[in-house]
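Okay, so we've got a single protein chain in two different forms coming up as structure tokens, structure 1 first and structure 2 after it.
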Structure 1
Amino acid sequence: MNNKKDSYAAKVRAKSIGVMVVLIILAVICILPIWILFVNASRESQDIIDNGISFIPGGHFIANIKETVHLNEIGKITYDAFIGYRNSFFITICATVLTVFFSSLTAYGLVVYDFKASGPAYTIILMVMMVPVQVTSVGFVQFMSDIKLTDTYIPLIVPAIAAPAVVFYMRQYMKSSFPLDIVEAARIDGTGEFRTFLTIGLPMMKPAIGVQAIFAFIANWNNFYTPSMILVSREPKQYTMPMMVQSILSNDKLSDLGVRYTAIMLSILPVMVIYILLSRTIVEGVAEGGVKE
């Protein structure tokens, strides 16, 4: 009997070790490119050219940051990190708030209210989710041009209200963990429907809202495709951070590789900070919202 227990324990231990090794390898694969990016952001351009990849940081991190921040002043290229941060934060925060709020409201309506069109409406939402952005981009840009909204941030913010993927996730979360009895109790107490959503629905969906807020923030912050189509005048004062970085990477007059890597590092820094601070929320929210119906 003891031999069987020892054999079973050995198998479990071996399996655990195997899983741990695989996870460590995956973690290294994910972290290594980011580490190399930060290392190269601290090296001189000539050092990068001569020695290639290095895992040891250099001593020019502050110098590269200063030169990147003041690129516009030294006349190499039109670039301003502060303008990029300002525009990206404004667009990203506004779009994230709209995405999370209206997607939560839509999911709440699909789950709480029992009406005949709820099934077809949810099916249509799923169908829209499967349509790539690139398919509708030409018509979208043409429509924005017709109503004179190009070169404004409105087309980058307002469409965030319609986020089918977020609605899908929020509905799945509510189906698995949202008690409908509490809504009925609020109705009996005379609470209005919208107030019930604000005071009961939103607080109870807080884990899922936190996860989707992080994902929406990352997606909007990294969005280069849509701003590059809408901001047609290419005014530097309107550039988002990804557009600022692209203006550096596509400029053949700037050969300083350290500055290039520093620009990329500065663009992903806010996303990394938010992800690290809220990583626990992501794991817990995905686990709770991933329950199948």
Structure 2
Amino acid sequence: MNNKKDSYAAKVRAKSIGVMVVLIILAVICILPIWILFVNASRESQDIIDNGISFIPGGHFIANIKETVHLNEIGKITYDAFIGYRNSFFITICATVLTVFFSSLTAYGLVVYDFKASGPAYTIILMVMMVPVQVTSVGFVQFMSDIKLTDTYIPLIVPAIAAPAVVFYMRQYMKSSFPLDIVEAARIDGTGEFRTFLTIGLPMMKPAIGVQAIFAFIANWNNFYTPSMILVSREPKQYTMPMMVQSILSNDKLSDLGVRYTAIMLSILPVMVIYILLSRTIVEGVAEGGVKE
């Protein structure tokens, strides 16, 4: 009997070790390409050509960054980290703020008020969640060029107001943890409806807003399709960071590999920093968004 128990424990231990080995290999595969990107961004071009892959950072990090930032002054290369950051941060922050604010507003409207259209409105929101951007993009860009909005940031920012997936999440959150009595209490105190939303609704939705703001920021920063569709004139001054990366890829005059890696590294740096700081919240947020009860 005791023997059997021992063999079972040994079996479990052996399996645990096997599982750990697989997990470690997978974790290495996940990190390695990004690690190599950062390592190569710190090496000299000649070093990368001569020695191939290395896992130890070199000493050229600062030099590479300096050179990358000033790329557009040297040749006629359309990569400028400052302009790219400025544009990307501007679009991303505006779009993120609009997304979380208006999604909270919409979700609040759907949950707090009992009106005829609320059911159908929610159904429509669920349905449009499924329509991919690529499907509407042709008509979207053509319409934008008709009303002279291509080559502006408006089509990249304003549509963020209608984010069905975020509304869906906010509504779920409110349904589970928003006491409706508090709205009534505010009414008795004579607070206006919109004011109630601003001073009571929004603060109570803070946790959900935080998670969705992180996701919206990452999604907007990583968006490469819409900017390349809308900015038709390809004016380098308007490029977002992913577009800067594309322009460096298609430039064959730039032979300095260290600088090329640095250019890519700079484009993912902000999301990497956010991820390192908030990884727990993000991973939990994915799980919450995934459970559809």
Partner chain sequence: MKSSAQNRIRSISYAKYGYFFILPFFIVYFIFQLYPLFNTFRLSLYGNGNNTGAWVGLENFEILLFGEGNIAVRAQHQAIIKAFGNTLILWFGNFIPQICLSLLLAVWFTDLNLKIKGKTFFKVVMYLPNIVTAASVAALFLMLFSRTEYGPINSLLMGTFGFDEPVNFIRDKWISRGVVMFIQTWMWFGNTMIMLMAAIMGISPSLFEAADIDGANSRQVFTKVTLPLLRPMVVYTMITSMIGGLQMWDIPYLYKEGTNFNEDIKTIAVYIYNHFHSLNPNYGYSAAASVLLFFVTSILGSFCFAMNRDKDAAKRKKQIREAKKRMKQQNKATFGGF
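Here, rigid core means the biggest group of C-alpha atoms that superpose within 1.5 Å across both forms. These numbers were taken from a predicted model, which means no experiment stands behind them. Reference numbering: structure 1, starting with residue 1.
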Chain form predicted alone: structure number out of two | 1
V232 C-alpha moves between structure 1 and structure 2 by 2 Å or more, core aligned | no
Cα of I48 displaced 2 Å or more between structure 1 and structure 2, core superposed?
-> yes
After aligning on the rigid core, report the distance the C-alpha of I274 travels between structure 1 and structure 2, in angstrom.
-> 2.4
